[in-house]
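Below you'll find only one chain, the form predicted on its own, shown as structure tokens.
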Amino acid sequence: MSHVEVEHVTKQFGDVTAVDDVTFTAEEGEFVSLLGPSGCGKTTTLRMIAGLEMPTEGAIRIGGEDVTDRPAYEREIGMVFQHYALFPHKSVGENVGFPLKMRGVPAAERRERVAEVLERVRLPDVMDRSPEELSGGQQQRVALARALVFEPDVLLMDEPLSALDRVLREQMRVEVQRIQREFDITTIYVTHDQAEAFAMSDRVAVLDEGHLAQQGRPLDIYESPQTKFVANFIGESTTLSGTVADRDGKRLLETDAGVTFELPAAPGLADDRMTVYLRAEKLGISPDSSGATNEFPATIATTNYLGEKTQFFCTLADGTELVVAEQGFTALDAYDAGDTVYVTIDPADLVVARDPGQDESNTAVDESVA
């Protein structure tokens, strides 16, 4: 039995369906992220697990107990919010100890347990300080300590790192993951940031307009997306559609953009309309043709040096825009706007799905070639 079970949950606000028939689980001690764009229903789903919203339909179970209709105060849930929600007029110790105080824990025991949890989040010397004296990362750890101090059954986190700058956010990913592992607590984490979800999670559930689009390990979702939405939302891709044909023992995708790709061998898809997703980091770029499989010409529009990678924005003959990303430093002066370059991709790195213009049952990615 899973520790948290969300079963066919729907939430309507008047005529608006915010969450539509969502089902997923979180095992004991597992870190599961709800990932998706703004407005996809991930925060509403989290609030229903917390008891802050009640489902219109469906069931929620924690530890095997049905808590669907229980209010938040009857669920042993620790929650960390996006903007910390710390009391500015209380000390750090009073903030962290507040859940214990509400549960009637004596003052001496409260102080002992607060000191212990602050030690575990690496803030041993801030108990008597004001939250306003702390950095953003320290305040986030105080909020995390408050959510953990009463030993909840489940930890819920709603975009807790989004208010931090990029460097601190990346540092806090490591810290949150360390704390979650140390406490061995089942955690459900909401984010719109793919890198954040992939770096921290055991499993990821991708939401799209209230629906569960896909769930699985980060590696599986990235390498084998099951819908057009997931393929486009996860990573940086260029989308080309065309028709599959078998010629001279090769399986080819002849795209509408005039580029033909050799696909990995898989039966039964000749003459089907298909879409290929070209991951930017899977593409190679060269000023000269090498005659490699799946090589095609493109024209440089502009380049973007980002430090850890360089992006090349190119166009195909029909005007389709294409992004190539190379890791590390690339000699930018080797390419000028208007230059013809040659782009390559290994057949094994292609992500292929049935053309989304076909009926809905055919929009899943073909796992045999992804």
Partner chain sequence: MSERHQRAADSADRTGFERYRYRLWTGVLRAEPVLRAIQALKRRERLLTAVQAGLGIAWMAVFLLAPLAYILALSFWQRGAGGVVVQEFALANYQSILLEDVQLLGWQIGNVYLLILWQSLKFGFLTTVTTLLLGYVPGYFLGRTQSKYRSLLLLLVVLPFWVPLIIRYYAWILVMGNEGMVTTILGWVGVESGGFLYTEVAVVTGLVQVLLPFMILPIYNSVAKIDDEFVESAKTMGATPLRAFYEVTLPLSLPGISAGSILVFILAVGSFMAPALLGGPANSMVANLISQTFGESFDWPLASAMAIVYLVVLFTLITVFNRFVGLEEVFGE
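For clarity, a rigid core is taken as the largest C-alpha set superposing within 1.5 Å between two forms. Only a predicted model underlies this, so the values are computations on that prediction, with no experimental measurement involved. Numbering follows the first chain given and starts at 1.
The following text describes the form predicted together with the partner chain, which does not appear among the structures shown.
In terms of contact with the partner chain in the model of the complex, the residue from Phe198, Phe98, Phe183, Tyr222 that brings a heavy atom within 4.5 Å is Phe98. With the partner omitted here, the residue from Leu283, Val121, Met79, Leu253 that has a non-hydrogen atom within 4.5 angstroms of the partner chain in the model of the complex is Met79.
When contacts are judged by a 4.5 Å heavy atom cut-off, Pro88 counts as touching the partner chain in the model of the complex.
At a distance threshold of 4.5 angstroms between non-hydrogen atoms, Arg47 is in contact with the partner chain in the model of the complex. In the model of the complex, the partner chain lies farther than 4.5 Å from every heavy atom of Phe296. Taking the partner from the other structure, the partner chain in the model of the complex has no heavy atom within 4.5 Å of any heavy atom of Ala107. With the partner omitted here, the stretch from 88 to 96, 242 to 250, 283 to 291, 226 to 234 that lies within 4.5 Å of the partner chain by heavy atoms in the model of the complex is 88 to 96.
The three residues Ala72, His83 and Arg103 all sit with a heavy atom within 4.5 Å of the partner chain in the model of the complex. Contacts between stretch 119 to 149 and the partner chain, counted in the model of the complex as any heavy atom lying within 4.5 Å, involve Arg146 alone. After superposition on the rigid core, the Cα atom of Gly291 is displaced by less than 2 Å between this form and the one not shown.
Once both forms are fitted on their rigid core, the CA atom of Lys90 lies 2 Å or more apart between this form and the one not shown. Core-superposed comparison between this form and the one not shown: the Cα of Arg217 travels less than 2 Å.
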